[in-house]
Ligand code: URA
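This document starts with one chain, in the form predicted on its own, laid out as structure tokens.
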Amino acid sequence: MQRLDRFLSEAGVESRRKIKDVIRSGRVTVNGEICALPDQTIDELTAVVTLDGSAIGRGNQTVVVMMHKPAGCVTAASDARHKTVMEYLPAQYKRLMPIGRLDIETEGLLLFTNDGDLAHRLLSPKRGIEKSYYAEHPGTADEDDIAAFAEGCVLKDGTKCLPAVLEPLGEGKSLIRVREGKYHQVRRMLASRNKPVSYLRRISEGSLELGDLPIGMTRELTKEEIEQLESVDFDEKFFKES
């Protein structure tokens, strides 16, 4: 259980000092009823809270948000030196957690959710969820590079990667599809082929595509999109030779 004013403050909708006035003005509802008492206790896991008609809490409803992560921010709740992805989330989504991470210089598709079980399933290496990246680098990928990715790149520290797809897109540009998430994997895979990455953007994850979502913006997934994510299961065909 949690006080309403604290719940709204942690959601980032307003400063703690102003929250009480917001609540007393009748702008907040809890489970469909106006609540004007800042010290009212609520069940933060089940209560449906709105501010001016916009949902701040969804109770037990699974919420998934897609962000076009900008370069220059880290995937963390807080950081002393860098801006974080949480600073780009609208107030009603501040309590969501990122599913996985993108490094500070990588742009692109990043998911957030309030469903820990869903996050765990999507992060599990046994699921073999395909992620696609657009990369820019010196030179042009050739047949030897394509074959090395298909075989499973060996990184400079000796780490062996699972088979992946490398598709040249012209001079200095490639599409990479992987089904695992080792540390800085795509950058390290291309570096192992003497093609250090100068720009990297994740453009899809499973059935989800980043599309034309602007940098730094978010959109909430539809019920159908969430159901597709929840239906992802172990990819036996992909992993049988790994």
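From 1 onward, residues are counted along the sequence shown. Just so you know, these numbers come straight off a predicted model, no measurement behind them.
Quick note: we don't show the form predicted in complex with the named molecule, though the next part is all about it.
**Q** Can all three of Leu102, Gln185 and Leu200 be found with a heavy atom no more than 4.5 Å from the named molecule in the model of the complex?
**A** Yes, all three are in contact.
**Q** The named molecule isn't shown here, but in the model of the complex, which of 47-55, 207-215, 177-185, 26-34 has heavy atoms within 4.5 Å of it?
**A** That would be 177-185.
**Q** In the model of the complex, does Gln92 come within 4.5 Å of the named molecule, counting heavy atoms only?
**A** No.
**Q** Would Tyr133 show up as a contact with the named molecule in the model of the complex if we use heavy atoms at 4.5 Å?
**A** Output for Tyr133 is yes: heavy atoms within 4.5 Å of the named molecule.
**Q** Please tell me whether any heavy atom belonging to Asn114 falls inside 4.5 Å of a heavy atom of the named molecule, as the geometry stands in the model of the complex.
**A** Residue-level check for Asn114: no, no contact with the named molecule.
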